[in-house]
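What follows is one chain in structure tokens, specifically the form predicted alone.
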Amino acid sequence: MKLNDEEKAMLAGETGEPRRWAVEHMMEVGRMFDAADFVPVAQAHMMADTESLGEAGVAFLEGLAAHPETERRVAVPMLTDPRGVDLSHYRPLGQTEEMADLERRTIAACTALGILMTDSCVTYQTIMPPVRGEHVAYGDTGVVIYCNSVLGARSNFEGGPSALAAGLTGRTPRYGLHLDRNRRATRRFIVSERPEGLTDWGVLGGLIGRLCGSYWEVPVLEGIEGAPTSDEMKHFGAAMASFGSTPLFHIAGVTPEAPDLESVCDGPPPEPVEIGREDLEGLRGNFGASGDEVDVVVFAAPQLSHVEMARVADLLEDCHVHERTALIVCTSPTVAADCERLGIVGRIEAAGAVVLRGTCFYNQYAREIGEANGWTRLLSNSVKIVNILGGYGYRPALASMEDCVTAAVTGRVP
């Protein structure tokens, strides 16, 4: 890879061991993907939940944090994905003191590195959303696909070490979606019926992700009249990334790089694939559980926005969660603070639900939590989370937000 003078100095260790490691790591990634050089990034976003890090990962972070401050501080604003433990509410969930201690160590190390503990997978709704054409280094799949597609920024899926390396140096290898040629449409879908509600948008995203099935496929959609809401785009993209590892989509006439179909195509557009109601019901049918009892209802993946939190509070008005069912609501610390001020969190908790701040259910030791509480039958309105949690010992089912709340109150899926 071609390095400039600053990057050569980092590689030589002239700016400290953390940056030397970072450049060396990114050069290996760059060689893997035939990157010619590095591209400067405006910010980085790191997935580093303690379930994934383990003792070795936390010790690595602590090793970097032990260097002098001038050597260890990140070079650009750096954000974090949801944590593995909400330290204000972990024992009732069945998480252990060992899990909490690992979390405390991680937070201390990240803080010493100058990382902003945003603890969110919806940073684009809460803090520092990038702008069109801006290069960033993001890790969370939902953050990447939203910022690439809806905002027109540029990022690949960065693994935890790569995102950290980008934060320490302010650059990332120039490959993948940092290049114009890889942002062109390779698949074309015509949607015959506009989705209604967050879950329907998630189902559409999951189906398109499954049909694409590759990081390097870029779908463009036609037939969507009018811009979806931010939360609809959020569930759509998160499900697509979960089912297909897809980091970018275009919606003709809606997303910034696709004012029309031709703008995102090189030459003739790809042959169209039509998506109708039967196609969507085919995916939804994999997660049906009507009439079944439910152990836990989860709103997470992605974390809830202010709008979603307020809707949950409204649906729970004058209700109480069933004695044999748990209701868990995950949101970002920023959204939680605002919702506490507005009384929304209090209304949700008064109904018997648990509001977790700065975590997301599937990356907070979901298997261990399920075993500790005897939970197997899980219900959610998130297509992403039901796609994931089947591998964690759950029997996940999918329903709208309204039906999820009904199930939490009655103990049974409508």
Partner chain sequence: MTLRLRCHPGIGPRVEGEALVAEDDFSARYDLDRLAGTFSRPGHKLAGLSYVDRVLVLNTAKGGVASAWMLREMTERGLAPKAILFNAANTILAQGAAFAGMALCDRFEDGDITRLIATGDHVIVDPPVGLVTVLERAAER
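If you're wondering where the values come from, they're calculated on a predicted model, not measured in any experiment. Positions refer to the first chain, counted from 1.
Beyond the structure shown, there is the form predicted together with the partner chain, which is absent from this document and is the topic of what follows.
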Review point. In the model of the complex, which of the listed residues (57, 352, 63, 370) lies with a heavy atom within 4.5 Å of the partner chain?
Key: 57
Review point. Taking the partner chain in the model of the complex as the reference, which of 378, 348, 46, 41 has a non-hydrogen atom within 4.5 Å?
Key: 46
Review point. So which stretch, 324-332, 157-165, 275-283, 182-190, is the one near the partner chain in the model of the complex (non-hydrogen atoms, 4.5 Å)?
Key: 157-165
Review point. Would residue 51 count as a contact of the partner chain in the model of the complex, using a 4.5 angstroms cut-off between non-hydrogen atoms?
Key: yes
Exercise for review: Decide whether residue 291 counts as a contact residue for the partner chain in the model of the complex under a heavy atom distance cut-off of 4.5 Å.
Suggested key: no
Check your understanding: According to a 4.5 angstroms non-hydrogen atom cut-off, is residue 259 in contact with the partner chain in the model of the complex?
Key -> no
Review point. Might residue 213 be said to contact the partner chain in the model of the complex, defining contact as any heavy atom within 4.5 Å?
Key: yes
Point to revise | 4.5 Å heavy atom contact with the partner chain in the model of the complex for all of 120, 201 and 341 | key: no
Exercise for review: Would you give me the residues of 306-343 that have any heavy atom within 4.5 Å of the partner chain in the model of the complex, in order from first to last?
Suggested key: none
